[in-house]
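Only one chain is included here, represented as structure tokens and corresponding to the form predicted alone.
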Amino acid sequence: MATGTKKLGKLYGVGVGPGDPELITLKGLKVLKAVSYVFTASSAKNEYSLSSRTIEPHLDDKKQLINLSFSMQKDTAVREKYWEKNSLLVLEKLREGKDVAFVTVGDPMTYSTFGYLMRTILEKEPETDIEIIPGITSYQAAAAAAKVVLSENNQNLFVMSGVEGIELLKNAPSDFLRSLNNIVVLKVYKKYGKIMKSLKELGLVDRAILVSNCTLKNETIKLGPELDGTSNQYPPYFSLLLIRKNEN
């Protein structure tokens, strides 16, 4: 139950797209201009927030931005401490009766910190009113930048995280791998060398497209023949792979 006599404010999860300030939806922008506080997210290792930089051009100087640091460590217990701490900071404003927004790069329901925060808040205040504003995902923007059709007709699209490499594909039954038409590998940063080695073993390097810093000024697109299948060099942090197993 909400504490005191005030009604809980409303929490909005707002996807602000891949980084270009012009790719925020009209509805998302309307919410950001209406709420009392906007929470952004950054890594506990630094205070850089792409979501903050994406929305700042649209907000007036009086808008109260609050940055929340989240741990990216594998240790769940460590990450849960940050979810707990940050949920209390958001709840403090909600319990004052204030409407607030938590902005996330891409979409709030796709590999987003918002999901963890939302669940933690609901554990404490099950009656919290939550509305989610979807955003353009990084792989949608990357496909547009590379002019690659992700799927059409009866084709399928397989989206996976590269945080642990792509062992799922390497170890999958051959009929499963053959059934995949199009593959997206997100979060390829630290495991890039391992991922490229796996793609080489699967014969998919020439079908891969590496898109980095999509929609930003330093965006780069590298096609399969340009990629080193054994490289141990990290690409930029905001990088993903598009893999078209079939021709467009």
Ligand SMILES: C[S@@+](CC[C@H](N)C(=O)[O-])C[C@H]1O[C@@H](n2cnc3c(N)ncnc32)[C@H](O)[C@@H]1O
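Worth saying up front: this structure is predicted, and the values here are computed from it rather than measured. Throughout, we count residues from 1 along the sequence that is shown.
There is another form of the same protein, the form predicted together with this ligand; it is not shown, and what comes next is about it.
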Query raised in the report: So in the predicted complex, does any heavy atom of residue 214 sit within 4.5 Å of this ligand?
Result: yes
Query raised in the report: Heavy atoms within 4.5 Å of this ligand in the predicted complex: does residue 24 have any?
Result: no
Requested in this report: Please check if residue 86 has a heavy atom lying within 4.5 Å of any heavy atom of this ligand in the predicted complex.
Outcome: no
Requested in this report: Report yes if any heavy atom of residue 186 sits within 4.5 Å of a heavy atom of this ligand in the predicted complex; otherwise report no.
Outcome: yes
Query raised in the report: Residues in which of 200-208, 63-71, 186-194, 28-36 have heavy atoms within 4.5 Å of this ligand in the predicted complex?
Result: 186-194
Query raised in the report: Hey, which residues along 97-111 are within 4.5 angstroms of this ligand in the predicted complex, non-hydrogen atoms only?
Result: 105, 106, 107, 110, 111
